[in-house]
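Quick heads-up: it's one chain on its own, the form predicted alone, in structure tokens.
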Amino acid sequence: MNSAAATAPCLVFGEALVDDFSTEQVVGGAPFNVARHLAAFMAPQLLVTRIGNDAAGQAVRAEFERFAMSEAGLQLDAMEETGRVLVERSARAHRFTILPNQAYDFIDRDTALTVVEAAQPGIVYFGTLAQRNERSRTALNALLGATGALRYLDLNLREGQYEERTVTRSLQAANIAKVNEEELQVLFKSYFQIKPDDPALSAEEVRASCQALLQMFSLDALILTLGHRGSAYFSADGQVVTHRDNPAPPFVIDTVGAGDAFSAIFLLGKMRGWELDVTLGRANEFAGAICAIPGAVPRDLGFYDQWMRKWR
């Protein structure tokens, strides 16, 4: 990592939305979760997103204020609604409906370019959901073309919300890609024709396949998150760093936002120059702690104090 990345902001591109439970609306969106975590740790960050002029948009703006985040990258849409995900609770699992044609689908290219040119970011975080519409996809591509910053892709695949070509282009654009086990299976199926019902791959075959992905897309690193089992970091030079010695959370309320928490701390480690093994360990532990609270982001900002003291 160059020295500029240590002081320059992390530019986070993508959706800010509300999860609509009918009885309440909870602000979310993977990029917004990442940006809020970074802000809570007082790391320079800038979220580029778009919201509507509605109650949900007001809830998003309230979170910008609560986390003392800059609104320089926040675009307002006079016509489209703030992003919403309809959530139906059930005894077994929640059912999610991601609504189409939301404000974050229409992020303006020129406005985003003005922001990135002023910010001069050291890292750019992006995913795939905000690329489902051509307008936001064009804005992201222009933004990536305007900076030489490190590019961190959190693949974050949502069923029915992405095209394979978007995944391919995102991997080609990234320096570091983060996937979970299900997403890795999607990549294996797409690029190596390895199907879920095929015989299970050995550890060596998984490692070889991950190295093949690194070479195929000229990635510097591929991060595989394994839930409570930790994570594995595959680098282009053949190095594999696994981090499994993680304190288990005392209990699990839900796993919503665990991946976003991992990404935020990994990026924080990059920005602050932590050793890789330290970064992975802290990212794993923090993601586990998020599983022990309701939702993706704590409602009490005092939650972050223990981590600041611990990592000082």
Ligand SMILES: Nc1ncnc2c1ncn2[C@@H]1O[C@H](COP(=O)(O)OP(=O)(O)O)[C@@H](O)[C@H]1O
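In this text the structure is predicted, and so the values were computed from the model without any measurement. Numbering starts at 1 and follows the sequence shown.
Absent from the display: the form predicted in complex with this ligand. The rest refers to it.
- For the three residues Val60, Arg84 and Gln102, a heavy atom within 4.5 Å of this ligand turns up in the predicted bound form in no case.
- Considering this ligand in the predicted bound form, the lone stretch of 62-70, 270-278, 42-50, 254-262 in range is 254-262 [heavy atom distance within 4.5 Å].
- Contact check for Leu226: a heavy atom falls within 4.5 Å of this ligand in the predicted bound form.
- Although the partner is absent here, Arg132 lies well away from this ligand in the predicted bound form, with no heavy atom inside 4.5 Å.
- Although the partner is absent here, Leu38 is not a contact residue: none of its heavy atoms lies within 4.5 angstroms of this ligand in the predicted bound form.
- For Gly122, no non-hydrogen atom is located within 4.5 Å of this ligand in the predicted bound form, even though that partner is not displayed.
- Contacts between 168-189 and this ligand, taken as any heavy atom within 4.5 Å in the predicted bound form, involve Lys178, Asn180.
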